[in-house]
Ligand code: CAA
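Next up: just one chain, as structure tokens, the form predicted on its own.
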Amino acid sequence: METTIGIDKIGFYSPEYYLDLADLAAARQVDPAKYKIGIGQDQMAVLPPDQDIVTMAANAASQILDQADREQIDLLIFATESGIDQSKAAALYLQELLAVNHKARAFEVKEACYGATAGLQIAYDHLAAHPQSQKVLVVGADVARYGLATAGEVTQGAGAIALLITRQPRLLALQQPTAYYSEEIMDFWRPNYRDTALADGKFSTEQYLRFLALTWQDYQAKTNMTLADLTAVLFHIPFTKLGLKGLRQMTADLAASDKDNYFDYFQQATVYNRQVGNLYTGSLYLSLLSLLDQQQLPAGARLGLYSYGSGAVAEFFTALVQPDYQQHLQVAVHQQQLAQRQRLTVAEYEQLFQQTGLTDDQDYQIEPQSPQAKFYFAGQHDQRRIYQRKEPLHS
């Protein structure tokens, strides 16, 4: 059997609190259609003090890892642009919480929203280059923050995606070659002295679409493929309207009847994104999970994936759907997780937003506030972050 490398399992976690954007629209005195149609978002996840990127990553990964996985992982990559330390990688906290094999490389990757794709491609190369290696864990966890009553407020969110990368994967087989492009631009950034991002929204949209055109053109040149070779196209989704613009650009030359399937798949691929908001590094993979959970795709279907990280780096690549992939998803877990969330008032959301975490070197404790979470952030002691696990890891 030919060896393939790809995504064997996907885990997902988002905070157990959310804000309905109709409520936010009323508070900000704007038409709800501006958010729900103009931006393409319905709800956004709101982070409570007992969760951060480490606990969200642990909660996502614990859904998919069994004892054999934890023993066989020899590379752990944590992608984030919401880092909790200027030196120590969040991957090391995660390794300890999940009891992952210590004979492993564990490090953090940063390049805006592209980070998880960088991790995915590193994982592919690692398994291809090291026949003795068995599994790689890649996580993308972030908190998207722009500030109260700002232009970017409606595109906030939080959550984590965990990807287990193996040979003979049961969900998706990654394909080579890929196409990538990078260029130093200032469309989005967050200096060390800020806990909210800075963005040039119109310029960033223009660059997202420009990089899409460049990478898609390069991918076609490398592979001789056309859009007809792709069953569906998935996008980095900071908000769904941006991905929709990307799809419209790619399908501009198609007859109207030939566009329908691509747009139908896009709607299925953004069900979760509309409810959670912006995951930064995890947004593309939440869209992928949404499509896999919502839609029965034929074995061998080729999915196009467009990853974009401001600053900027982009990559276009494809993956093949594996036979019987539906048997290896956790659709009920994902849907129940979203259904069990607590709806906040705008005042409650604003109060949580202003609880920004560490501001000095004093000790403090945080009581668990997320009933469904297996892991939580318990505070700080001696300038050391404290994490807790509520129950034993499953075998």
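One rule holds for the numbers: they count along the sequence shown, beginning at 1. Here the structure is a predicted model, which is why all the values come from computation and not from measurement.
If you look for the form predicted in complex with the named molecule, you will not find it shown, but the lines that follow are about it.
- The candidate site formed by 113, 199 and 202 is fully in contact with the named molecule in the model of the complex, as each residue has a non-hydrogen atom within 4.5 angstroms of it.
- Looking at 235-243, 119-127, 319-327, 291-299, the stretch with residues near the named molecule in the model of the complex, meaning non-hydrogen atoms within 4.5 angstroms, turns out to be 235-243.
- For the chain shown alone, residue 155 is a contact residue for the named molecule in the model of the complex, at least one non-hydrogen atom being within 4.5 angstroms.
- Residue contact check for residue 38: one or more of its heavy atoms lie within 4.5 Å of the named molecule in the model of the complex.
- By the criterion of a heavy atom within 4.5 Å, residue 31 is counted among the residues contacting the named molecule in the model of the complex.
- For the chain shown alone, residue 310 is a contact residue for the named molecule in the model of the complex, at least one non-hydrogen atom being within 4.5 angstroms.
- A heavy atom within 4.5 Å of the named molecule in the model of the complex is found for exactly one of 265, 181, 146, 219: 146.
- Checked against the named molecule in the model of the complex, the residues 272, 93, 285, 208 give one hit for a heavy atom within 4.5 Å, which is 208.
- Contacts between 273-297 and the named molecule, taken as any heavy atom within 4.5 Å in the model of the complex, involve 278, 280.
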